[in-house]
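Included below are structure tokens for two forms of one protein chain, each presented in isolation as structure 1 and structure 2.
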Structure 1
Amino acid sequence: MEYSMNQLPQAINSDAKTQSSENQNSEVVSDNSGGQTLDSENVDSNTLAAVLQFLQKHNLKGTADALKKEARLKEDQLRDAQALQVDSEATNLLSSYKSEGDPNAYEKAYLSYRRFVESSLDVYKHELSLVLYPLFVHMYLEMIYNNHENEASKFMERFSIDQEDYYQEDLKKVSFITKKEHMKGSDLMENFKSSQFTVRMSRDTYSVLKRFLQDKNQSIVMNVIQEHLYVDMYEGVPRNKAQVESTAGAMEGEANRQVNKTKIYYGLLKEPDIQLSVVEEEEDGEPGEGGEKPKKKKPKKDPLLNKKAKSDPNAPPASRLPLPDLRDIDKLEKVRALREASKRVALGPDSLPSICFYTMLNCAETVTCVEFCEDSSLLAAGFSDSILKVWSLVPQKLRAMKPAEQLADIDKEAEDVLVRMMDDKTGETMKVLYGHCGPVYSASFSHDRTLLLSSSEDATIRLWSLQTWTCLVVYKGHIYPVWDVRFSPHGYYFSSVGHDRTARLWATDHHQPLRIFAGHYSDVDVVQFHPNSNYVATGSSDRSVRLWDCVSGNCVRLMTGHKGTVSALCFSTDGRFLASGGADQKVLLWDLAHGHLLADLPGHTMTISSLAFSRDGTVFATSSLDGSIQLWDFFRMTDESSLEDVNISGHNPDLLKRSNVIESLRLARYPTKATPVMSLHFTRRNLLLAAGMFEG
């Protein structure tokens, strides 16, 4: 199958802000013939080298030769420029660190600003304090760059304990940079080079800050703010302490509000009209005593299919992202899902779900991931010894396809051809898949349960057939461990994330990614597809959550608030909300319409491992490595948030954080004896499935 998306340019999309290109301008001079030629004397040779490197990298030899000819650049000049280019890229940021001569001036300037924050009015204090961390880090790096190593070490030792707990891990890495040479090639310095730390403050707070900098002649503080901070200013009342803390903590500061103004289609795609007739069974189907023939079975329209699908005003256009056409087997599966949904239990405070827990006992190796398929009939688990196991959770056993010789004898027009293809002799309750050469970190079933994806420490993604039980494709694109992989709800597309700080969008019939989403500042640990397949959400060790557009490849939402690695993501059934959980033991609920944080759900004591919404969207389940499952009243949670008014102010609405409100939203808590909960899944009838490895 070929789709139009595959013809789009497969560009690397990055939302990182760079400043180096702004300072490099080339001049064009006109010759007598009316054409335009480049004057190599007026053009920075480093700029020319960078352009030529780009052209050569993308095999544009003709264009590169034409540029060399027009620029009159000789080979030796080009070699020197390219050698300089490598060094200049690494020193773009470093050159902005100016020497103040007296190293003690930094300590005085920092203390002066800290005293200013402490003595400010409470209404401004909380936003002004956001500058302390980036100010401290850049002062330290400036001292290192200017060879004040001993003073820098004392500065770090004295003031690092003043910074927030969630920055301590980053500060530990910064403290390892003790010489100017350490700054080149450092991942941390790459982050500082490619972005500015974002600080959000009201216009009034910014006026107070500006007055301080001008009155006190704070040149050091002013230089740091101008060079390395981006002040995201808004009109309105300054935020209180709770509002400031709720979105602080990410490696890049707070989310830039401009990013979250992009319109997104969070609605669900219109369900296709499925016209299938079902056969009505007659009670008197057996022949009577008089030898009468049984009554014929009459085709009858399924009442479930007569309901016309409503179109969601927030849904993306059907042609926005090319999706595979529905096959007959897909239509039958949708009918089956609708029938099961009609028997669904309505959940709420007075009707909590039953929980079925699958405990893995006596495991020789550590279980590294667990995954349920959409219709809850299969369970896959990855292990640290690189194997993948699949279990059947229903009486039907896992069978393999018959050999090719036997398949040739099967009537291809038979209604049960798919059943006849399978070999009953191979039926087992569990199958083992071998192929990876490192721990398997994630698994994901396709929507039709014929394919399984897995990712591993070996930097590969494997696609397995659940009909032949063999590996079909090995996708190689990541260069480091792949932490998570996820199939699109509509099949064909899948997404992966890894240690290389990128997320990638793939198609099953392409061995190279269609999109590379670059923008996170640390490992990307978890990925989740939006229910309409047009967007992908990622959570990272940089403590931020991002939403990416699969069509344009751009980051359309940036959400900050976690104080630790983001370890779990889940979209609500209507696509409007996104829940995220992290190593900070927090579960945060986001409104995708505006990118606002709506609720902070505490209660767990270890890393959040899994999140799940009930099929009717009324109950929200969270689980953790502390061995507990908590149920929340999601219907009330969104009902009590003033969703229509949240975008009026320049910041988040008041969170549902008051202890009495949170306790009323928590419906139940269920602890296990000694089993960390690794995965949660609601069945089509709203039974909650959970799984984990016993550690007693």
Structure 2
Amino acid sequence: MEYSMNQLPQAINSDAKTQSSENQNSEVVSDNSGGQTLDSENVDSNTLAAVLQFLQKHNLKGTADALKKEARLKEDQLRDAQALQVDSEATNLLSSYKSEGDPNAYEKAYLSYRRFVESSLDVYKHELSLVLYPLFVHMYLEMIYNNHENEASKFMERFSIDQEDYYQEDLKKVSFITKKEHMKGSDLMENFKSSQFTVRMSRDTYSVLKRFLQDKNQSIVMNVIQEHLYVDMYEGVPRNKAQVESTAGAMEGEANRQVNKTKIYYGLLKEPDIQLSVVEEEEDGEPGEGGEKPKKKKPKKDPLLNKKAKSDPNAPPASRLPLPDLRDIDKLEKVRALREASKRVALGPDSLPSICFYTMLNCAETVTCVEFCEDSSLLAAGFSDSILKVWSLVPQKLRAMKPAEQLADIDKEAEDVLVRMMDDKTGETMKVLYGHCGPVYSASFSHDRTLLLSSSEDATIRLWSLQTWTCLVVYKGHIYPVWDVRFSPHGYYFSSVGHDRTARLWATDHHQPLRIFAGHYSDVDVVQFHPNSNYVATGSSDRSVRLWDCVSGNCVRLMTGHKGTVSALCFSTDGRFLASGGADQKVLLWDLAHGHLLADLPGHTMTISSLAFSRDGTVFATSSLDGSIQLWDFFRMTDESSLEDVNISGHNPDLLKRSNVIESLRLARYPTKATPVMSLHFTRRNLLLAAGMFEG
């Protein structure tokens, strides 16, 4: 009960943001319950009451009545719930910060806890020190709440420098709040108030902490810990400093181990059989092409390709997420991809990839995103002046479809109908797409190169046709800027994230989202589809990475360890690992099977902008706005991090942190002259493409 009470205001808050109009209301509710209808027994009457209250507050009478009717709630029942609700909200908003008579007591209490941490045994020290930051913030807020402004600012001044570096930015925001009235509108405040800060501790550490609290009669510290902290206790040896630091730093504390228990299907989907036969057919059909020997090709095939053909034990059932059927054109594309893949260069420490760098000139500080398409033939760039440009990177020009009357004349049975329907007169190497009315923050090509998605500050997502070069659909759902949008590797689905703290799953033929993933505590900045399309990973300004199940809509992994906004995500080729880069200049590597941190790759000096795995999964490339690209030996990285030796208690296994090992994993570093690298992409033949805008 206590838990749900705490969560309610948060739920309302996130709802308030997601609801721009009445008609979205039902969708939110249904999403929270994973697609169930309203009359389901599961709908908590409290939740309903909260929704109703929100509706009443915003004068949405019609919806409120409809909801009441639909939920078949009796009025008295409602009133009860409402009373309870009002009551609980009041207590939550107001009395969670009880008044302590003497503002100086806080300082004393904080000092005594700090002394306790400093004097405790080294074994416990690091885990105990995790409490310092939430304790500090809550004490500060309590002081503000009780109108001890001067004492609060002194308190802030004196102790804020004690806190870890990665909390300083948040502390700055907290320190803006100098009045009780400010607390109301602040997002950060609401996070602190409504959520519990998770601190992971061993049982021994916890008992040390308990003893301290009881012995010293630390009522203030005790209060904060009881009200606002969730202690995630585990059996075993307390962690050392490096271990503690590796996962600390997120806005909501460390990841709760319970969250990461769900099994996830990280394997790749079985490739449809049809393609192999098509391959053979094609090869038979064109035996003379390029003088290749088609017969030799089959035994030579990559082990990775073979593995794909076998069914992966970790792969999701094919029927788990309905995927669009393969069209003929998709099959042809797959054949092309396979043929290209057979010409792939095997990469490794001794054969590094070549890097082709596309520099955008005459556009300093106006390019907001750059994106390559899967087969590396197209490049899209979004600009801060709302336009979107698409370049062709191959000799073929970008052509538009013929007008309707001419299309009617074309023989639809012809072999080359796809070629014939394009108008050669419109051929250009670059086309501009106009439509957005705000900076375009991301773009994503569909796998068949016929569609392009873009997201913008104007809170819309647009779907463009790359055949007619027009906008097809405007998806309105986010009401704040959309930071990132990404097509599923299988097409049809796409996912977007934005300032409204949600990630959304869409299908191209629905104007409303299929799923809304709510749970991040701040802007969601980046999204990435799992190669099997069943999962979506999001990175947020709350410094955590989450993995969401597209089918159930649940958060199945929560990974903390970044010390700054997460700015780039990438799944490994085999789907098992997730790499994330952040504004903290770190690249972290996660094992999705357990949500563990495997490696922390240093070396960049600015925000990480892009990550890419080579097609054969051996080399891992990272790029940063500092204008450098680094290559890492991913094969050895996963080889050495003892994957099988997984600690059941849920610790992270020892990080590959020893600096000499990490240094030896770095294969190369390439600086540019004055071009922040914005995007990386491995072609099918393992050539690395990179793009950025020249700032010289």
Partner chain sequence: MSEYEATGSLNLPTESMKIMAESVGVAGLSDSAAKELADEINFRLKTVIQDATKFMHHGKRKRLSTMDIDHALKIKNIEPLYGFSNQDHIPFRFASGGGRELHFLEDKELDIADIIGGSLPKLPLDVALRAHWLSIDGIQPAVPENPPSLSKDQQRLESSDPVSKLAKIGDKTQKKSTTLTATNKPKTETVQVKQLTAHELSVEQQLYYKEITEACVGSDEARRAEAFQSLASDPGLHQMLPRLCTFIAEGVRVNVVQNNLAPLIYLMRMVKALLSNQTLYLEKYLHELVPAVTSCMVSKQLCLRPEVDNHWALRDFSSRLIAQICKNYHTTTNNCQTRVTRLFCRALANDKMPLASFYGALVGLSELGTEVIKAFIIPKIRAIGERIEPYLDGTGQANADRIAASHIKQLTIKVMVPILKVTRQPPDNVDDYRQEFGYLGPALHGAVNRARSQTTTTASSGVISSAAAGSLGLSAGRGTIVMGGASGSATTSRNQSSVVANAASNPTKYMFVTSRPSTPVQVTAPQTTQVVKLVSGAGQASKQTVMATNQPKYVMVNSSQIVRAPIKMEGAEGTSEVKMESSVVIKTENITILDD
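C-alpha atoms forming the largest set that superposes within 1.5 Å between two forms make up the rigid core. Quantities reported herein were computed from a predicted structural model and do not represent experimental measurements. For numbering, take structure 1's sequence and count from 1.
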Item to check | Form predicted on its own - which displayed structure it is | outcome: 1
Checklist entry - Comparing between structures 1 and 2 on the rigid core, is the C-alpha shift at I177 2 Å or larger? => result yes
Checklist entry - On a core-based superposition, does A64 travel 2 Å or more at its Cα between structures 1 and 2? => result yes
